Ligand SMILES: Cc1cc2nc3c(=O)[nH]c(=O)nc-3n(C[C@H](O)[C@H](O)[C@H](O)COP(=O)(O)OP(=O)(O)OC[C@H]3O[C@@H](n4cnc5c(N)ncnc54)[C@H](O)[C@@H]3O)c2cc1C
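In the form predicted alone, a lone chain appears below as structure tokens.
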């Protein structure tokens, strides 16, 4: 059993296999030097001064020895030779397999114009988060390109330590396509109230600097001084190592059990495009809960068990002490109604299509989540609105 990838999907797959009685050899290839760890804290808790850097590790080192899970850390997969049942690694070595799980996650999108500059980064790894925390602790001015969840979470963390922050976003609102205008407007008020400079419907027109970005000029004429620049414009599956295998590197399509088009090759997490019975297509989800469930689903398939029901699309975000919980498919909605008070951070946003609930955003009402999950459970059963 070979699992390529060191994130949540890989960890859950290994745990479920051992719990289910799999007794064969089990190896996990981790591209980073660390054993599998949790990524959501990287843009939240771990940016706080004095954060416990051991916090995101899923299991203590002893767990892997106790469960006979071999970790191969600090080396990336470079190629899959399916016919030979072999994965080539970047250090020139190779590993053979009977079953292979592609769980290499995703890598951040980048902007080529910023590639030459030393003070430009992305945020995806533990080392990325540590470097960014050091910069914020020194009070350096941070400019963030992208007002998605990562960009906004980092902005909130930076303001918590009084670092000056500006966010530049091409869209007219943050996450409007996901959360709708009402909730997007709330996020704008929260961030501006905390001192974040927000620039929407604009982009960078000029970069000043030599080895480092010193200033940016935006298309609206605003000039921003820069100490450090974070590019936070989304992610893409990290699957270049599959380029010669015949599997798509834009996300491996799988059934509900994680099976790919290649025999005995599976995919889970950000690398996988699981089949969505409601959307009736394969979809990249890219969220924590999906990675957890998909890793377990692949293990159950290998163990010969029936797949569990498809997980409901869901995620959460923490900003300024406010937890935003999302369930369903808000992009399908034709109407949004708010129950509660937005500015009191105590509400449920109901997203409906032709009067049928298709999604919900919950803030300050965690007890509402189970009931809303039940109401939205039809989305995992291939039923139409």
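Quantities reported herein were computed from a predicted structural model and do not represent experimental measurements. Numbering follows the first chain given and starts at 1.
Form predicted together with the named molecule: not shown, discussed below.
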| property | result |
| --- | --- |
| Residue (of 45, 70, 339, 32) lying close to the named molecule in the predicted bound form, criterion heavy atoms within 4.5 Å | 32 |
| Partner-facing stretch of 202 to 210, 178 to 186, 110 to 118, 146 to 154, counted where any non-hydrogen atom is within 4.5 angstroms of the named molecule in the predicted bound form | 146 to 154 |
| Any non-hydrogen atom of residue 64 within 4.5 angstroms of the named molecule in the predicted bound form | no |
| Contact test in the predicted bound form: residue 101 vs the named molecule, heavy atoms, 4.5 Å | no |
| The named molecule contact in the predicted bound form: residue 379, any heavy atom under 4.5 Å | no |
| Any non-hydrogen atom of residue 124 within 4.5 angstroms of the named molecule in the predicted bound form | yes |
| Residues in 324 to 358 close to the named molecule in the predicted bound form, defined by a heavy atom within 4.5 Å, in order | none |
